[in-house]
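Read the single chain below, which is given as structure tokens and is the form predicted alone.
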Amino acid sequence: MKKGFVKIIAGLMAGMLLLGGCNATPKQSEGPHDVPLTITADFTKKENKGNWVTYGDCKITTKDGKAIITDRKASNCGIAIPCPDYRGNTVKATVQATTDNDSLMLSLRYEIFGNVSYVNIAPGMKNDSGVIDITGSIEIPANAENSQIYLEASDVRDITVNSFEVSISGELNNLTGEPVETLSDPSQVASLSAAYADYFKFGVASPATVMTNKNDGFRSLIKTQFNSVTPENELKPDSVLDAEKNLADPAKYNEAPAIHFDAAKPILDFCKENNIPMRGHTLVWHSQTPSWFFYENYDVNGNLASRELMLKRMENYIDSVINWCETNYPGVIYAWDVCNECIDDGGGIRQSYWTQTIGEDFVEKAFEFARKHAPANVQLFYNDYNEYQGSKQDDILALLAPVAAAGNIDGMGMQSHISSGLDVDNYVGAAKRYADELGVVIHITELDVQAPKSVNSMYDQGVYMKKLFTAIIEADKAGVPIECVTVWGLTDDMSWKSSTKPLLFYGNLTPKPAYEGVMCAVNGGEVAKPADWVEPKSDLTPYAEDFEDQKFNGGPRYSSVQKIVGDAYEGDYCLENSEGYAEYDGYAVDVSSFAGHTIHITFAIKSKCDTCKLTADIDGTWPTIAEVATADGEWHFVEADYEVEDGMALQIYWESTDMNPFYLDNVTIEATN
């Protein structure tokens, strides 16, 4: 995660046309003002005066220095700390709460030139005492306005917040008197969709705020570059289900839930007016579907609905949504993601309200209903992430085999949230396997590629994008039916992974080397080296951590939590890794500086779990570097060697075989050749 803010200058785009037209008027500088380094929610004071605000449709009362959140109409409703002066900084957020929800999530909401973006920061699960502690860090883009860090949940049950705080990490970058960037005019940049017209549609995901934005540059970018649009959130169940009507009169809407399209209309209108086809995303999903939808009388304090009732609700919902869109916007939606993310990360079908109420055949039923009610020319897709991984491929194919046998599926949606470590041959091999075994077409539905942590990060990302799209083109030429590639977002600043700079355009709408790499794949040529390009050099400085300074240089993998504790292998202190959602949520260290060399790694580890492992973090495969039996709860000293491939951006991480904490000490990494 990059700290601070680096302005984009013309030199970064050497060899590419940067357009100076301005569609946004920069705000006038009023001079910087003092910014507190920490904002603490004070629940003895009222909303706003206590540095907290209500987030979404819910009710908050305060008592005994705590905030009690009730009447939550959707899972994203909760409490927020406004932090608009923290733009351009990396911040740390911490919260402690109790709840009957299975989990909580800290997230960031901000506006970019009038567009709204949401980024998850860190999740949290209950400890043995029923308390959820969450700590996470996030970089807020320098162009962000009206930033808020908010607490949401997996369900709509009540939440009691004991404490909530947001603080600056490192040195404050005070941008309070600085204007945001100006937007470039994208209308003259060569079109991606035109360049790829002989191969597939080139699409983009967009929030509906783009369509109502006073800055027409974002709409111009869509119209110039893309010929397919996916709404980011506006057609998900949370946005479509009418909470007010359903909860006010559950008897009336018991079998056929009330729906509305207030959020989706701007983007549907835009696509209709500009003759841009749309992918409908998504009908059936375990997330962003309010939990009350699955209960008798829509009452989360009552009983779950029966299979019979939920099948009626599912069919009526699918029928109503598809046919409302077709009636009011005929021909606009050419494909629907019928089911989304139904395979669990640990293997097998994901357990959710859908499996609890209907059973594990809910996917088959959803596709059966969608086929029954969708127009014949509308394609029906299954959509999932990590879809290129071998074991997950097996599970997805097993899940969809009966759906395909019934003739109820047309396509496989490969989300493709990846990094530049992903092997492109394995990736296109997965696409071919889905097409061959299911007899379906392929859409790459949510592509974003994390920029590598290298000295020439943007250039290296561009080189990888050329490699990736060259492989996609060759697969298409070889008969793999890839009909659409959609990037998940317009600009880096608008991305749900904004800190990783994963898209094709900078926040000011200028094209990145990543865009150039995509164009080079189809037109030929090489990605131009930027003016500030530097010769990569291996930094072979040995890495050593004994934690005696009570600090650590690595960081969490996914949602794990690290802290310095006593009872060390040697000395006074060691590192504890705990919490997280899965056993692979561990402690990670970047070893990219050792690219092209074999590294020798030593460390001491202990845990009560059966086995702890040191693993290389490569997209699609996770080779084990070292494995040690730790069930005895004693310290074990480990040595291992691993070859870091030339040019690879790589993390290694320690993990456990269950959710027990593990303890790490005396970590050393050094090159041996």
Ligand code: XIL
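Since this is a predicted model, take the numbers as computed values, not measurements. Numbering starts at 1 and runs along the sequence shown.
Just so you know, the form predicted together with the ligand exists too; it's not on screen, but the next bit is about it.
Of the listed stretches (460-468, 340-348, 561-569, 590-598), which one has a non-hydrogen atom within 4.5 Å of the ligand in the model of the complex? Only one stretch qualifies here: 340-348.
Any chance Trp292 has a heavy atom within 4.5 Å of the ligand in the model of the complex? Flag for Trp292 set to no.
If we define contact as a non-hydrogen atom of the residue within 4.5 angstroms of the partner, is Tyr118 a contact of the ligand in the model of the complex? Residue-level check for Tyr118: yes, a contact with the ligand.
With heavy atoms only and a cut-off of 4.5 Å, decide whether Asn383 touches the ligand in the model of the complex. Asn383: contacts the ligand in the model of the complex.
Verify the contact flag for His281: yes if a non-hydrogen atom of it lies within 4.5 Å of a non-hydrogen atom of the ligand in the model of the complex, no if not. Judged by the heavy-atom cut-off of 4.5 Å, His281 is in contact with the ligand in the model of the complex.
Find the only residue in Tyr388, Trp488, Trp354, Phe547 having a heavy atom within 4.5 Å of the ligand in the model of the complex. The residue from Tyr388, Trp488, Trp354, Phe547 that makes the contact is Trp488.
Which listed residue (Tyr196, Trp285, Tyr317, Tyr334) meets the criterion of a heavy atom within 4.5 Å of the ligand in the model of the complex? Of the candidates Tyr196, Trp285, Tyr317, Tyr334, Trp285 is the one lying within 4.5 Å of the ligand in the model of the complex.
Heavy atom within 4.5 Å of the ligand in the model of the complex: which residues of 402-423 qualify? Those in contact are Gln415, His417.
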